[in-house]
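Taking the form predicted alone, here's one chain by itself in structure tokens.
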């Protein structure tokens, strides 16, 4: 097997109580005037960081939102210029990380990211930005955070449903890394380890949100999944999720939880080695159904309809899937992609190893 592997240079600090190391890390990067980035729901965390950094805090921008709209980035940069900042500290999930990356792309300011979900995007040089209803992704070393500070304690209050969907989002990164065009043995090892950690820990968190060991395992799995996402290319699953999120403004992690079983079922026959490895790791002979049932166990919505998508969006999403498609191990076939999205819209179980019929192209009976 021929392959190329490039290690990403992000510095990672992982553990419990590690937020206390933030001031020293900011000093190490030479940041004297930090702009703290967060969402409107993470104000308490942002204020805690502001107090920790004390005089190093130049200001707080609390307007991060999902899918990184360019107009929000413009507002944040305007504040950054006004405050003459020299570095970024982001606390939150993928929305906050995305905003930090978007600012860094334009300014090359150093970033410290403090994740509070299992998104994993903090470990990648990839950014997806939305403008005029279209989400466009690109890769640049400028957006890779200099430091990621993982503190398990900060995830203990993450709501169980968001914990689950965020964790399945991370699983999706690892799953597609296993059959990426540029996959390699190092990333494949990390991917399988991440999937096992998350598949075991997410149901435990759903049952007991304060399960410390499960929280630590989930965060470690998310970290490994993020490395996978940043190291190799993604395929059909991510193309569909980017299309659905950018076009219909669907929630990011929740969309990943809906689509993963169906995208994996579509690709299953083309990657028998991956399916075998996943089946062995998870103890199942039907991997797509395993992830569909996992979503149910952690309380995730399993239909695009329940996420707010109108049934007319299915045909739009099919067209978008064929516009600038990502590489995929199985060629894209329109009738089968439409069937995939119809079942995802309805919340039906994945169509693994079956022949598509006209019944599968009906998308008016959502289960939720």
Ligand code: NAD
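Positions refer to the first chain, counted from 1. The shown structure was predicted, so the numbers you read here are calculated from the model rather than taken from an experiment.
We do not show the form predicted in complex with nicotinamide-adenine-dinucleotide (NAD), though everything after this point is about it.
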query: nicotinamide-adenine-dinucleotide (NAD) in the model of the complex: contacted by all of 121, 135 and 162, heavy atom 4.5 Å; finding: yes
query: Touches nicotinamide-adenine-dinucleotide (NAD) in the model of the complex: residue 305 (any heavy atom, 4.5 Å); finding: no
query: Proximity of residue 72 to nicotinamide-adenine-dinucleotide (NAD) in the model of the complex, heavy atoms at 4.5 Å; finding: no
query: 4.5 Å heavy atom contact, residue 262 to nicotinamide-adenine-dinucleotide (NAD) in the model of the complex; finding: no
query: Any non-hydrogen atom of residue 32 within 4.5 angstroms of nicotinamide-adenine-dinucleotide (NAD) in the model of the complex; finding: no
query: In the model of the complex, the one of 149, 294, 192, 154 near nicotinamide-adenine-dinucleotide (NAD) [non-hydrogen atom within 4.5 angstroms]; finding: 154
query: Position in contact with nicotinamide-adenine-dinucleotide (NAD) when the complex is considered in the model of the complex, options 335, 316, 52, 66, heavy atoms within 4.5 Å; finding: 66
query: Residue stretch of 113-121, 176-184, 265-273, 285-293 approaching nicotinamide-adenine-dinucleotide (NAD) in the model of the complex, non-hydrogen atom distance within 4.5 Å; finding: 113-121
query: Any residue of 220-251 that, in the model of the complex, places a heavy atom within 4.5 Å of nicotinamide-adenine-dinucleotide (NAD); finding: 229
